[in-house]
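Let's start with one chain on its own, the form predicted on its own, as structure tokens.
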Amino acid sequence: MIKNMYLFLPEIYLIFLVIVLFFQTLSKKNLSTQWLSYALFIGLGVCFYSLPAKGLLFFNTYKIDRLSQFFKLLTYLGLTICVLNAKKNPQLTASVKKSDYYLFMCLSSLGILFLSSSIEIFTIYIALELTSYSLYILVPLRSNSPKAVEAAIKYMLYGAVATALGLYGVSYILAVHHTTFLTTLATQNWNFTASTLSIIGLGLFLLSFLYKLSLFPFHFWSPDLYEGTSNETATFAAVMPKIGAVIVLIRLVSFVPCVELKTILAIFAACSMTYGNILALVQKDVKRLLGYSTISHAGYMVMGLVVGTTQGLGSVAFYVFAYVLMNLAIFWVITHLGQDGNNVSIEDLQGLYQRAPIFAFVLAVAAFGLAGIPPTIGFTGKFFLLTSLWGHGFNWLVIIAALNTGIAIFYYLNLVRFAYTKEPTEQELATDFNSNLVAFSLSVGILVIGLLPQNIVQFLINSVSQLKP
């Protein structure tokens, strides 16, 4: 019993925080949520402590392994930064009841923890719905903008369609293989000729998670959501769903050698990279630009899934880690620039190097990373993805990805150009020590891990190698 509690420790700890936040929402008083930030830092320690844990729980539907524990640690990291970031939300600060905002943020993150370890399809589905419904509520919450409501409705409607198609696909898998356990499905025949119906079913089930990645052509919600919702909520929506989607996709793709399915994914990846980058070139709103950027990065993530090798899947896991760090950094800057809650345009970055030198540096590092410029973690992540795909029959996709990296440099470096080459039109930006410390720490992580990625990459490759039967 004690051993089982040790295996489930990160989830138990976050469930405890959710319960405390729930009781705070019942109070009519304006109770402080300052404690949550400190509690999440403890949660990071809990996740790090449970990193070596291994085992099966809940009738073998829940697997604790090194890969799941790494993604749980990444989830706690993202949630901690998002909670710290949310303190700058003017609507949230003025609210009498702000605990509900953090409650749904933690509930959505709890769903991601469940996704990280679920190895049974209906368990995955329930965890996905917990993640999704909490985020549907979070998007318009504590925002006075009608665009936030519009974005939430679009996100929910598209999500409902994606989920319905996914469940429809599960019926095909169940009809052919008579099981929903991934460990059993991994031993079945997944040849397209011999098991056409189950391949179609798996493809439909994958749509639910490709939608979360904002992969073309399931991307429609992404730019509108980023632009419409508050800066703080956009940070959470940009980062956290990707973590849960990728871990499930890695588990599903690890045992499917179907070339036809991977070819379709490769075509989607190429279209996603090209479409996202081209439309990002003409954006003036920084969050909308990042929305199209996300579509492009989803294409890069799928590249590693296409090849399906241990190195490819490990590279995907590392790239998600890189994506989380880079987006947390750039959204941290955006949130502090838009202190009145308004969206930040490219012109608002003018003279940032004089108004807030540390934020200008962090913006440059994050932009370089997202563009894939060395020595950042973004360059390292793309390098591992491209090398893992080369020589496996998809060299054309590597060429398209390299060309798209060149396109992305234009709009990412445009952000840096405005921050460093334009004279400021506004007064000096007020920042505090804690904000500068968090921003600088994220930028250091982007640079240091970009230069020294070996240990993390090897850890992830070894973790992925344990997935295959």
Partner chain sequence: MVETWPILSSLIFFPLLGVVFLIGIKQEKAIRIITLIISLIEMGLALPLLKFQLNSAKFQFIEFHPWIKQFHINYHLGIDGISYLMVLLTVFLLPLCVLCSWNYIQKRVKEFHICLLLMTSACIGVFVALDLVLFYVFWEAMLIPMFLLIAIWGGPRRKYASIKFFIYTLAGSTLLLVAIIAFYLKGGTFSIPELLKMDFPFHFQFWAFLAMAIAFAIKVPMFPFHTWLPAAHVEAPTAGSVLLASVLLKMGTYGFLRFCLGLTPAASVYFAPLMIVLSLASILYGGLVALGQTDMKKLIAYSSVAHMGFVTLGIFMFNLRGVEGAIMQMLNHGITTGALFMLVGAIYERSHSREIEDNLGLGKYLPAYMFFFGLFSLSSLAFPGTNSFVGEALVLIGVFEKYKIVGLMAVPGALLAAAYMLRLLQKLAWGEPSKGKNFTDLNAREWLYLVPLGLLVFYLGFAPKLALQTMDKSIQKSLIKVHTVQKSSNINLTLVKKEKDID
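Note that the structure is predicted; figures quoted are calculated from it, not measured. Residue numbers count along the first chain shown, from 1.
We do not show the form predicted in complex with its partner chain, though everything after this point is about it.
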{"item": "All of T421, P453 and I461 with a heavy atom within 4.5 Å of its partner chain in the model of the complex", "value": "yes"}
{"item": "Contact residue in the model of the complex, chosen from Y353, Y158, F394, Y172 - any heavy atom within 4.5 Å of its partner chain", "value": "Y353"}
{"item": "Heavy atom within 4.5 Å of its partner chain in the model of the complex - residue from L51, L57, L413, I42", "value": "L413"}
{"item": "Its partner chain in the model of the complex: contacting segment from 131-139, 382-390, 161-169, 326-334, heavy atom within 4.5 Å", "value": "382-390"}
{"item": "In the model of the complex, L403 touching its partner chain (heavy atom, 4.5 Å)", "value": "yes"}
{"item": "Contact test in the model of the complex: T123 vs its partner chain, heavy atoms, 4.5 Å", "value": "no"}
{"item": "Any non-hydrogen atom of I409 within 4.5 angstroms of its partner chain in the model of the complex", "value": "yes"}
{"item": "Residue contact check: I373 to its partner chain in the model of the complex, 4.5 Å heavy atom", "value": "yes"}
